[in-house]
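Below, in C-alpha cells: the form predicted on its own, a single chain.
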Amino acid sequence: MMDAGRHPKVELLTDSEVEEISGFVGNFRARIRRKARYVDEKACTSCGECAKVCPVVVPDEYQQGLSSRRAIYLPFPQAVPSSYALNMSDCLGVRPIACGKCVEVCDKKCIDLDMEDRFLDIEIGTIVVATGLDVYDPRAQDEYGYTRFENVITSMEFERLICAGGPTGGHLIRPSDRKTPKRIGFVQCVGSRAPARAAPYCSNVCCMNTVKDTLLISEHDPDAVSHVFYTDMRAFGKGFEDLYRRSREAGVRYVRGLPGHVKQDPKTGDVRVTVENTLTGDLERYEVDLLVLSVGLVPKKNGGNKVKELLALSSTSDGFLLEAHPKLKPVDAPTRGVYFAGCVEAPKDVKDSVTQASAAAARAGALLAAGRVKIEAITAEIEREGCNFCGRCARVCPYHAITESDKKRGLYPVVIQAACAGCGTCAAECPNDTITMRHFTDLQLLGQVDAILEEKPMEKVVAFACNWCSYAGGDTCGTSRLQYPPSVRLIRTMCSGRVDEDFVWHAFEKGAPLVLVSGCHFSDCHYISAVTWTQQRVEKIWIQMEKLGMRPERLQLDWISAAEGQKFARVMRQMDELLKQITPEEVEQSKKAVAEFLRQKREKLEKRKAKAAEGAGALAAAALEKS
C-alpha cells in the first residue's frame, strides 16, 4: 500500500465510497464520496498528541477488539496517508462541543470538526473490483462457545495475539488470565463446508493457516502442544504439503473429527473438548488452555450488493461474484471493461490473489492500450419506426446498454454498441418488434423452427438452448459419450432471454408437439439477470396456453449448466417420454387455436405500429418546424 501511495501514476482515495457509476467500457464516469476525516491529512505529522488527550476509549477494530483506541486514532501501522483520522460517531466534540481537547493540543491546527464530505467526479476507462471479503461470525455455531467462553477465540484474533504488531507485542496469552497457553486446540471448518448452517464451500485458506499457526507456536514455545480437530486437511499448493509434514514432525497432533461439546472450567479457565475420532471410532476428551476456531471466508457484506448494482454484476450461489467464463476469462466480469481481483470472485490465498490482481491489471492495461474496443457482431439495433417509447428495452437490459427514451423530447432509445453483449432480452421483450439482433434475427430463428417441423413434426421436440450453458451442456454430454434420443432438435440462441413468445407460438402453430426452453441457472447466468425475464415470459405463455385449452406441459422450461452433461441427457430422455404422450389430434386442435390467437395478436401489433408511426411523424414534423 505504501508503494502504491508513492507511485507517481497511482492516486489513492482513502475513506472514499463510490456513489454512482455510469457509461460503458472506455467511457465510465464515477461519482466518488470522499468522507470527511476531520483531520487535514497533508498537514498532520502523526505526532499522536491528539490521541493522548482524547477521553474516548473504544475497541480497536484492527486489533479485533483485543485492545482499545481513541476517537481520534491512526487506523493501522503503515496506513496511507500516515495521518490521524477522527471517528465522529465516537467523538464528543461536535453538536454541541463537549470536549475539543484534540483541537486545543494540535500545534499544526489540522483538526477541523466542521469538515464535510466532498464529491469527486472522474472519468475512467476500466474498473477493477477488489472489494475483498469478510470472515465468518462463529456465534451462529453456539456449540463452540464463542463469546460465552473467554478462552475460545477466532483464528483472526489469534493472528493479532501472535503478531509482533499486535496488542501483546507478539507474546501469546489467553484472554481470561493473561497466562501463556501451553495446550492450544484448533477447530477447522468453522463456517465452511456446512450447507445447513453456514457456507457450503471450502474456504481454501483455513487448513494451511492453521498449519502455519502451529509452526509459529512451536517456534515461540517448543514445549507447547497443539491439537488440530479437522474433517479433511487440504494442503493444495506449492510447498504446502511440506509445511503440513513439518507440522506433524513438530509434534502437532491431528485428530480427525470435529468437537461435539465444548465447555470452559470456570475456576481454571481450561477448555474441555469432546470429540469423536472418526479414524479410531473412539470418543476422546481433551483439555486445552486456548481453543482457536478456524473461521471461514464469506462474501463481502458492507457495500457488496451496492457494487453489484452499480456495475450490473451477478453472483454465484455462494454469494461471490460471477466471472465471464471460469476458464477462458477468469478475471473478466460479464460487464465489458470490468475485471476482478482477489477474493471478490472466490476465497483464495495471498499468492492466488496477487496472481489474479496481476492478470486483471494486464487485461485492463491491454484494453486501454488498444484505444478501440472490438465487439462481436451480435448486438442489438433499434428501428425508430414503430417504437412507442415504452422504455421496456432499457429496463430489461442487464448491462444498461440502452438509453432511456423520452417521448416529450423526442428521444428514442439508443443501443450503446460497446456495452451491448447481445443477449437479445430487449428484442424478446419489445412489444412492437422494433429491435433486431444481428445474426440472431427473428427470421433466422423462425426459419430454423420451420426447417425442423417441415417433415414428421410429431417425432420432434423444438428446443431453444442458451449458447453458454444449455447448448454447451449438450457438447459436454456428447464428449462424455452419454446417449440421449435424437428427437430433440436444438436451436442455439446466445441466451434463453432471446426466446421471444412468438417463437414458441410459431412452433405450436407449425405443429410442434413439444417445445423446450433451456438456459443457465439463475445463479450463473452469463448475462447477469436475463434468465429472470425468460422465467417470466414462459410463465406468461403457460397462462395463455391454459386459456387456449392447451396443456402447459407441452412447453417445458429447464436450467442446464455447461458442466451438466448428465442432466442434459436426462432432460432429453424426459422430453422424449413426454413426446410419446402427445396425440396428433391434440396437436391439430392446438394448431387451430394458436393460429387464431396469433391472427388477433398480429392485428393488435399492426395497430400499435401504425399508431407509433403517426406519433413518430408528428415528432419529426415538430422537430422540423422547430429547426
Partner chain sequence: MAESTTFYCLRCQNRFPVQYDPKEVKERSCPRCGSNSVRKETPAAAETQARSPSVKIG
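Keep in mind it's a predicted model, so treat the numbers as computed, not measured. Numbering follows the first chain given and starts at 1.
Keep in mind the form predicted in complex with its partner chain is missing from the figure; the text below concerns it.
- None of the heavy atoms of Leu328 is located within 4.5 Å of its partner chain in the predicted bound form.
- Although the partner is absent here, Asp558 sits close enough that one of its heavy atoms falls within 4.5 Å of its partner chain in the predicted bound form.
- Proximity of Gln535 to its partner chain in the predicted bound form falls within the 4.5 Å heavy atom cutoff.
- The closest heavy atom approach of Pro552 to its partner chain in the predicted bound form falls within 4.5 Å.
- Using a 4.5 Å cut-off to its partner chain in the predicted bound form, not one of Phe76, Cys91 and His171 places a heavy atom inside that distance.
- Across the options 593-601, 39-47, 577-585, 54-62, residues that bring heavy atoms within 4.5 Å of its partner chain in the predicted bound form belong to 577-585.
- Among Trp542, Tyr254, Tyr201, Tyr244, the residue placing a heavy atom within 4.5 Å of its partner chain in the predicted bound form is Trp542.
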